[in-house]
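A single chain comes next, written as structure tokens; it is the form predicted on its own.
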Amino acid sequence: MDTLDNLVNFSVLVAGIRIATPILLAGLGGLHTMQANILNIGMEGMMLFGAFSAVMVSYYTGSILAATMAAIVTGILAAAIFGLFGVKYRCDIIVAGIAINLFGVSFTTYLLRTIFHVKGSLSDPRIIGFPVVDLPLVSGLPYIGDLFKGHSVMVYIAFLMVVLVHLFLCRTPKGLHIRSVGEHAEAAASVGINPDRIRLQAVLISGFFCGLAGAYLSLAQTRMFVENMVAGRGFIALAAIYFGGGTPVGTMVAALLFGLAEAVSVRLQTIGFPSQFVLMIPYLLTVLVLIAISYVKKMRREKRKYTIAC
């Protein structure tokens, strides 16, 4: 009963929201490439570049705005490299994504050891994090008000982005171009849309969101940089996109589910469960979700075949 009380409470839910934020931001970025029919598995590396540049600029300038802008710019630059090889030069998109991820891990490790002369992690009081904000009206509500207290400003921005991304993809010409290229590139080209240009723009947008996700990881969730600190969140974001049916709201729900799973795993560690077991919970959930999605898609294909045959 004590174990259940430790797991089912507001603090776990609040932790789940915080942990879900970088997954949500990266997922919203990957949503644009998915809508343009590009499998972006390079989000892991884009997030890592964003995390490192945010810490470095925050350390040297003390400006959270400059650090955020640096994370966005480096995220977009990493996405541009991915788009250059994956879209413009028609390289294998999977290989391009793996290359960005490996490059992100090795290059940020090299920069950490070369610039700051430390191994493993960098933590310093000069690293300025995102400010914590309580929503003035919502945080005072009974029962649910605690869910909106003590969050970084980036948490609220991330959830606001869900609405903005939905409006962008569904209500703006550029969003409709991205979706049309993803649905049928030849048909889009026949009405004057350049598919490669649209795909490249979708990749750059994903870099923007991945840079923000990296900045959140290093300046809000930890206020430090750790080698390979993204630790699979880019792939979890990819799973969240598919689990959410390729919609912003669905991706948000999936990100919250994964965030909650990780929060539960962290809480289980604090109450004595073996870390080797509980740390695999978010990744195990990711695998199970992908298996379930694959099974549902297979059943739908089988049902469609049967319907056509009848």
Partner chain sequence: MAGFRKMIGSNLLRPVLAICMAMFIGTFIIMLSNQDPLFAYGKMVQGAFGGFSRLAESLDRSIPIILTGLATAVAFRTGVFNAGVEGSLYLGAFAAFLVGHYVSAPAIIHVPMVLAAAALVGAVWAFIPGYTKAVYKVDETVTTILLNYVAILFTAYLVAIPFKDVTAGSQQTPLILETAHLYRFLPPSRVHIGLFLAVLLAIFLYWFFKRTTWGYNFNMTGMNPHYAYYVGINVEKTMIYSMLISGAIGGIAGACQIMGILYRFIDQFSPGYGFEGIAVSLLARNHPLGILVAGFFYGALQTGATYMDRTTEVPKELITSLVAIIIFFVTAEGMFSYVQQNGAFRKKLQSIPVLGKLVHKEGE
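No experiment lies behind these values; they were computed from the predicted model shown. Numbering follows the first chain given and starts at 1.
This next part talks about the form predicted in complex with its partner chain, which is not shown.
message = So, a 4.5 angstroms cut-off on heavy atom distances: do all three of F159, V163 and L257 pass it with respect to its partner chain in the model of the complex?
response = Checking in the model of the complex: none of F159, V163 and L257 is within 4.5 Å of its partner chain.
message = Using a 4.5 Å heavy atom cut-off, which residue among A187, L102, L135, V153 comes into contact with its partner chain in the model of the complex?
response = Selected residue: L102.
request  = With its partner chain left out of view, choose which of R171, R126, R90, R197 has a non-hydrogen atom within 4.5 angstroms of it in the model of the complex.
outcome  = It is R90.
ask   = Is L238 close to its partner chain in the model of the complex, meaning a heavy atom pair under 4.5 Å apart or at it?
value = Yes - in the model of the complex, heavy atoms of L238 and its partner chain come within 4.5 Å of each other.
key: Interface membership of F107, its partner chain in the model of the complex, 4.5 Å heavy atom rule   = Yes.
query = If you check in the model of the complex, is A96 within 4.5 Å of its partner chain, heavy atoms only?
reply = Yes, A96 sits close enough to its partner chain in the model of the complex that at least one of its heavy atoms falls within 4.5 Å.
request  = Tell me, yes or no, whether V249 is in contact with its partner chain in the model of the complex, where a contact means a heavy atom of each within 4.5 Å.
outcome  = So V249 does not count as contacting its partner chain.
Which of 33 to 41, 66 to 74, 263 to 271, 249 to 257 lines the interface with its partner chain in the model of the complex (heavy atom within 4.5 Å) = That would be stretch 33 to 41.
task = Let me know which residues along 62 to 83 have a heavy atom within 4.5 Å of its partner chain in the model of the complex, or say none if there are none.
result = The stretch touches the partner through I81 alone.
task = Report the direction of the Cα distance change between G245 and T286 in the model of the complex, compared with the displayed form, as closer or farther; the change is 3 Å or more.
result = Nearer in the model of the complex, by 3 Å or more.
ask   = Do P282 and T222 have their C-alpha atoms closer or farther apart in the model of the complex than here, with the shift being 3 angstroms or more?
value = Farther apart, which means the C-alphas of P282 and T222 are at least 3 Å more distant in the model of the complex.
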